[in-house]
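Next up: just one chain, as structure tokens, the form predicted on its own.
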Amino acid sequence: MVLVLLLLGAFFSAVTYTEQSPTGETAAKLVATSILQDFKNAPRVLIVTSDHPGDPAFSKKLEHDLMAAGARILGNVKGEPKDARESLQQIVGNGEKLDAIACTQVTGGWLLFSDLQTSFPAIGSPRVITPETYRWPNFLKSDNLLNIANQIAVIAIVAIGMTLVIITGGIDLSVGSLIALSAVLAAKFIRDFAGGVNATTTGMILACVAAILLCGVTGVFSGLMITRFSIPPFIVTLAMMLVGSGLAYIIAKGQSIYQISDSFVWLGRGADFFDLPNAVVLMLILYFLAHILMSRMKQGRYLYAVGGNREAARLSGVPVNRVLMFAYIGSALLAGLGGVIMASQLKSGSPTYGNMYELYVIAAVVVGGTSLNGGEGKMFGTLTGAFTIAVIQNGMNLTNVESYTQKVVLGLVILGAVLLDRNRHRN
């Protein structure tokens, strides 16, 4: 699966290989270097930017670097061509001349700068300098890779619990609804009991923990139905999927809950560790702990034993019912955590969250090599499967594949993974 993931990355890198225009501070460094190389003695520079999102960073960084090198900044224009024209007229009125006009790719193409010697002969012969373009795959841009990781964080975290369940030979269809239920509960608790937009950090933590634990209660109920009454997991979790979704709509009254503190987005949008999103860091920590559980601890061995042969495990002294309860409670708790992360990412709680996520989670687990027959699978395989799904979706978005076709492709990927699993067991 790692090889498949690498091949997918290589394919989407090849098909998205296009010309790139640097922006922000990166573009500013390139323009500053070009100006300082071409003009050695205190060049006179006009900086021109537009209203694009990355332009303020470009302007600030460029002005800082040029002034530090002894350049004279005769103007720093932010806006439209008419603003640049006014600045040029002011420079002419002051009797100054220009050596360079530092622009972004957008402002460098303004018609105003196409014939400056005719329009402003007194200003000299300034060069319009823009950041040099380069060719690079859109897929491999750092922003896109971080976006893939951040978008897959919720699915990957919930997939840990699903892996536990499928390894025991079961299935959990309720995780998507529990994501919505947890998001709604966390947002409601913050709004009603923790202070809403003025909520403290402690209040928000307690609200989120309460939401996760209440989702864990549904896992307890599912586990009891499966172990005590021998109801098939498919039926139990299908029922809980409907119950969880219905409760989310009832609690939220069919509306989004958004009256929560701005600091709530720290978990979902923050990036405090080596510029990695906090949700991604949490995901990696959880996968490391899950790997230790499955490979180094007795409970992990029990999970494999129950999934491989439940009766043999029982006769060997494995507490089968407790192991199953552990799997379904763990799955529910992790779905609750996924809902909290999604609420943090979107700064709201809505009963529509988590729609179809149970299918994406199952797809990640199956594509990652966990057998639907139970008794076989690895956590890092699930993580690889989650990223494989994310890369396929992201690559199709970058290549403008319509959403309906994406569903077809994802369905075929799941079917292919199951067929490979069946063929491997038959052999």
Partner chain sequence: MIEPPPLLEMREIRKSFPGVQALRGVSLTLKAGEVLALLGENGAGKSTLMKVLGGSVEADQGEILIQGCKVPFNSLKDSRNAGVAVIYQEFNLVPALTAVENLFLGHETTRVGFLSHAQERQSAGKLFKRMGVEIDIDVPCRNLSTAQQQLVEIAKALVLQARIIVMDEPSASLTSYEVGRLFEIIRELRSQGIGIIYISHRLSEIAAIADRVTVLRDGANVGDRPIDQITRNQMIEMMVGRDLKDEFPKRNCAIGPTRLEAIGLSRGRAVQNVSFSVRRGEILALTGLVGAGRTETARLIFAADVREEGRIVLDGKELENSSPQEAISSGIGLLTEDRKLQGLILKHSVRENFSLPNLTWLSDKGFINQRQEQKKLDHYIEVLKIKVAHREQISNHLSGGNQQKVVLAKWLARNCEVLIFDEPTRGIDVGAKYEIYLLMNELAAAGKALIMISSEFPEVLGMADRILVMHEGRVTGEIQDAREATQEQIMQLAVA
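Positions refer to the first chain, counted from 1. Worth saying up front: this structure is predicted, and the values here are computed from it rather than measured.
The discussion below concerns the form predicted in complex with its partner chain, not included here.
- Query: Which one of I285, V197, M297, V217 is close to its partner chain in the predicted bound form, taking close to mean a heavy atom within 4.5 Å?
  - Reply: The residue in contact is M297.
- Listed residue that, although its partner chain is not shown, lies within 4.5 Å of it in the predicted bound form (heavy atoms), from T26, N373, Q37, N397: If I apply the 4.5 Å criterion carefully, the residue I get is N373.
- Item | Residues G368, F387 and V391 all lining its partner chain in the predicted bound form, heavy atom within 4.5 Å | Heavy-atom distance to its partner chain in the predicted bound form: none of the three under 4.5 Å.
- Task: Given that the partner is absent here, state which listed stretch (134-142, 302-310, 229-237, 109-117) has heavy atoms within 4.5 Å of its partner chain in the predicted bound form.
- Result: Only one stretch passes the 4.5 Å heavy-atom test: 302-310.
- Any chance M225 has a heavy atom within 4.5 Å of its partner chain in the predicted bound form? Flag for M225 set to no.
- Query: Does its partner chain come within 4.5 Å of any heavy atom of G317 in the predicted bound form?
  - Reply: Yes.
- Message: So in the predicted bound form, is its partner chain close enough to K188 to count as touching (4.5 Å, heavy atoms)?
- Response: No, K188 stays farther than 4.5 Å from its partner chain in the predicted bound form.
- Mark A122 yes when one of its heavy atoms lies within 4.5 Å of a heavy atom of its partner chain in the predicted bound form, and no otherwise. Judged by the heavy-atom cut-off of 4.5 Å, A122 is well away from its partner chain in the predicted bound form.
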